[in-house]
Structures are given as structure tokens and as C-alpha cells.
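We begin with a single chain expressed as C-alpha cells, specifically the form predicted alone.
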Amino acid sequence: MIIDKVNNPIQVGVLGFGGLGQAAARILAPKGEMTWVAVADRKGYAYNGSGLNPDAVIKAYNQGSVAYLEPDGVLSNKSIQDLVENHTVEGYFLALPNLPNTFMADVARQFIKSGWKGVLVDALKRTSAVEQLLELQTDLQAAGITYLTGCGATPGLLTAAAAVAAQSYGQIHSVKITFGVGIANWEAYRATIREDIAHMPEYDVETARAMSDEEVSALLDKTNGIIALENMEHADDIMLELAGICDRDRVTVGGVVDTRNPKKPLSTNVKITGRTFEGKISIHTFTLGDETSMAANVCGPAFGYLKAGIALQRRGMTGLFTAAEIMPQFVK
């Protein structure tokens, strides 16, 4: 299938304005094919059909909410609902923390109930969260929503790379994803770090969600700012299984997050081991450049998938897709 090109600038919104949401705004600023027109946080939203200014919105957010942006901000305790009902936006990147683990599915239900038709893209991590969205597949399709899930770095960029690399083989033995993340200050990515803590031994989603900033800081003091993770519950597994690449038990994900140093503690990569039709065992390795940040590797693919989703939507294709099924389109 050849996906139609998107010729007109796409009006897009960003839901959530923490570290990833702010990075998303920066990434969109120089783009000619997309215009950032809408943003929402817990206390309100801002909308400007001609485009929002990242610096101005960040300044307002630092005062307590994007709703404090003059004259485009609106205070609301149901910000997503009010934004969707009052303004036309073709696609949204859900830069929202999936805490609790049901949150993203709840947001999807909110969009379904609203009668809105368009494209949604998330950067979900957990397998169980994607499974909840799969249960909404029929509802999303009936509502006229094109939803692309797991479209960050991992799951996302690395999952798609594994799906492409797998084509060299007749049988896939294993897919191993290893990531390294370096950030200078964990507080810039509070929700993301809490989601990582939830994968640590003796922690879970609810425990991490309930932790105060002081408790998170105390934990990071004990580990010298390092979060080391192995055999994570990561949706790369279900996405590759759904795409017919391999059974989910052949996919493993782990990595190291340094919350006190912008330099990556190790290079992010995916290794695909398989047997060729000649009977030879080989390994493909795809490694991300150490200079690319977590934000670049999450938000960049998210908007590439959003562009692809818009093309699908305009051709009448709705429902749920994953990053292993659809190729992203580069946003100029």
C-alpha cells in the first residue's frame, strides 16, 4: 500500500506538557508540514489556530499551567474534553504519563465519547497498556479515530527497526533491545522517571505514582542517579507478535537511565538474531547515535507516525495500529 502524501500543513496538538511535551513543541517549531496549535495540561489548555509559540507556552506553564498563556489560555478542570469540543485539531500527540496504567485507555475512551474524528499517537511503554487499547479497537474504528500506539523510541523506533531487520531471516530467534538514557535533571522528566521506577524490583506502577518528589530524589541518591532495568514489561513484545515477526517471549528489553548526566550511559541498540533461508545464524544490530537525546528519539518518531496516521485517516482507514505495522513519514 502506498500512503498518500500529506500536502497541506497539519494542525496538531500536544496533550501533556512535561519534559516530552515541551520537547515536542520545540521539535515542531521549525516544521513547515505541521503547525502546533493546541496544548493541554491538568489545569487547562491553550489554542491558537495560527500556531503557538513554544517559549511563551513554556513560560506560562512554569507559572502553573499552559492556561495562563495570554490571550489563548483557558483554565479548565476537564481540559482535554473542553479543548476537543471547542476547537478543530486534526491530530494529537499524547505526551501523557501512563500513570495509572489505565490512563491512556481512559483518554482514548474520552475521545471516542466526544465524537471527535482524527489521529492520536502515543509513546506507551507497557505491554498491558497496549492490551487495553486493543480492547478498544472496534470502538476506535467505529468512532472514526486512527490511533497509532507505541510510537516513541522503545517501543517505536527500535521496534520498527526490528520489524524491518527481521526480513533477512526465515526465522527470528530473539530481539534484544538495550537502551541508554542520559538526562541532566530528573525533575524535567518526572513522569517518565516514575514510569521507569515502576519497572524496578520491589516497585510497581501504583507505588511509583504515589511517590513524592522527595522520595524519588531519595531513591536516586541511593543509586547515584542510576536506574538499571532488566526484562521490562515493554510493548515491543506484543507489537512484534502482532506484526507476525516473532512470539513475544523472544523479545527482551532493558537499559540504564542516568538521571544526573546528559551523556548516555550506554548506546541504545536493538539486536535481531535469526536464521537465514540458507541455514546461517546472523545478528543485525541497529544502534542509535549517542548524540540523539531521549526526547529526539521519542518525539521525532511520534510526529513521523502522526503524519502517516493523517495520511491513513484521509483515506478512510481508522482503528488501532502499532509502530511495527506502519512506516513513519518524515515531517519536513
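Residue indices: 1-based, along the sequence shown. Values in this document were obtained by computation on a predicted structure and should not be read as measured data.
The same protein also has a form predicted in complex with a small molecule, omitted here; what follows describes it.
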item: The small molecule in the predicted complex reached by all of D41, S79 and F103, non-hydrogen atom within 4.5 Å; value: yes
item: Proximity of I10 to the small molecule in the predicted complex, heavy atoms at 4.5 Å; value: no
item: Contact of W36 with the small molecule in the predicted complex (heavy atom, 4.5 Å); value: no
item: Interface membership of A191, the small molecule in the predicted complex, 4.5 Å heavy atom rule; value: yes
item: Close approach of V84 to the small molecule in the predicted complex, 4.5 Å, heavy atom; value: no
item: Heavy atom contact within 4.5 Å of the small molecule in the predicted complex, the stretch among 221-229, 136-144, 244-252, 154-162; value: 154-162
item: Interface residue in the predicted complex among D72, E195, E90, D258, criterion: non-hydrogen atom within 4.5 angstroms of the small molecule; value: E195
item: In the predicted complex, the one of V175, L124, L240, L120 near the small molecule [non-hydrogen atom within 4.5 angstroms]; value: L124
